[in-house]
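What follows is one chain in structure tokens, specifically the form predicted alone.
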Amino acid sequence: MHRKTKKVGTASPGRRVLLGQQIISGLASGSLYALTAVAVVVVFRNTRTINLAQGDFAMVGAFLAMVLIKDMHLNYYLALAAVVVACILLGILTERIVMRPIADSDWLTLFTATLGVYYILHGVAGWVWGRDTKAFPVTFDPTPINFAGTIVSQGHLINMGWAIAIGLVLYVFFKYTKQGIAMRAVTDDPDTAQLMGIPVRFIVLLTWGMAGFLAAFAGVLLSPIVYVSPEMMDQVLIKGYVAAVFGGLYSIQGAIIGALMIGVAENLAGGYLGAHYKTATAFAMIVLLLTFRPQGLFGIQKRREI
């Protein structure tokens, strides 16, 4: 009896540590999925289309960061700033050159246009940098640390910190700035917003610029985890889209919560069931959600079509 009690006592802390590691790692992954999910929601709210090129915005940013840091020996933060500017410009150019001329088209035309941008960026990246996976220079100490009684990677904590900081910046932007309030007004009623003097086309341009801003951080933060290749963001885009659907495609808070849920759920599935269950878990979650709540966790039953 004494020996049995001892075995249980020694095994239980190990299981708790493993569970803690899986949850923290899942939150770290989910926080990065949230960057893509929020970008999907922001673009959808003001354009009524899903931006399939969002992941490739991040992929281009990752390649640029790798070149600046690894080949040109630029400081990490200077490289990050340059990538942010480049991705914002990429989002703006996409809106001006591709999306604005067809802005009044139906949703399928807009959706197909973003698919075209996706393939163009894929092809250009493969032509310029090649299709082989490339290691991103590690910019943090890889030694794991003890966090809340659990051994976790410093990279996970750094990524979570960046994601929280970006979330706070977005909160302040939408809550207190004129441009953020105008974006919310265009989301609610673009026609009335235009009658009130809000420059709707400029707000849409700003929306795509914000998509580029979020993509820059997603690409740079994910690069040390998934390596750099033209296909590096494909699965992340899928999970970001799933998280956006969790929030009803209109709720930024819902997209963030959905992304964190997916990150934790897939990490637990991968840790306890097998790595090949990770992606399947995200799809299983969205199927269940759409079955019982088609409008999403934070969506409403009926939306006015624009």
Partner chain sequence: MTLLRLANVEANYGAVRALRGISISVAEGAIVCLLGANGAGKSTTLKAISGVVRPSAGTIEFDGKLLNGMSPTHIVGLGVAQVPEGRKIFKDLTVIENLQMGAYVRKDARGIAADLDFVFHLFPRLKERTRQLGGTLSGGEQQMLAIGRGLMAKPRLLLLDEPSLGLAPILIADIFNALRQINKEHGTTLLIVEQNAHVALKNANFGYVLQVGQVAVEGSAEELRRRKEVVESYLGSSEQTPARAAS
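Positions refer to the first chain, counted from 1. Values in this document were obtained by computation on a predicted structure and should not be read as measured data.
Omitted from view is the form predicted together with the partner chain, to which the following refers.
Just checking whether K134 would be counted as a contact of the partner chain in the predicted complex - the rule being heavy atoms within 4.5 angstroms.
No - in the predicted complex, heavy atoms of K134 and the partner chain never come within 4.5 Å of each other.
Report whether the minimum heavy atom distance between K175 and the partner chain in the predicted complex is within 4.5 Å.
Because a heavy atom of K175 falls inside 4.5 Å of the partner chain in the predicted complex, the answer is yes.
Looking at the partner-bound form in the predicted complex, is M160 within 4.5 Å of the partner chain by any heavy atom?
Output for M160 is no: heavy atoms all beyond 4.5 Å of the partner chain.
Whether M232 contacts the partner chain in the predicted complex should be assessed with a 4.5 Å heavy atom distance threshold; does it?
Contact with the partner chain, no.
Considering I198, L74, I225, I166, which brings a non-hydrogen atom within 4.5 Å of the partner chain in the predicted complex?
Comparing distances to the partner chain in the predicted complex, the residue within 4.5 Å is I198.
Among V84, I92, A185, L170, which has any heavy atom within 4.5 Å of the partner chain in the predicted complex?
Among V84, I92, A185, L170, a heavy atom within 4.5 Å of the partner chain in the predicted complex occurs only for A185.
Which one, 150-158, 188-196, 75-83, 215-223, holds residues whose non-hydrogen atoms are within 4.5 Å of the partner chain in the predicted complex?
This holds for exactly one stretch, 188-196.
Only counting heavy atoms and a 4.5 Å limit, does any residue of 246-272 reach the partner chain in the predicted complex, and if so which ones?
Sequence-ordered list has one entry, Y250.
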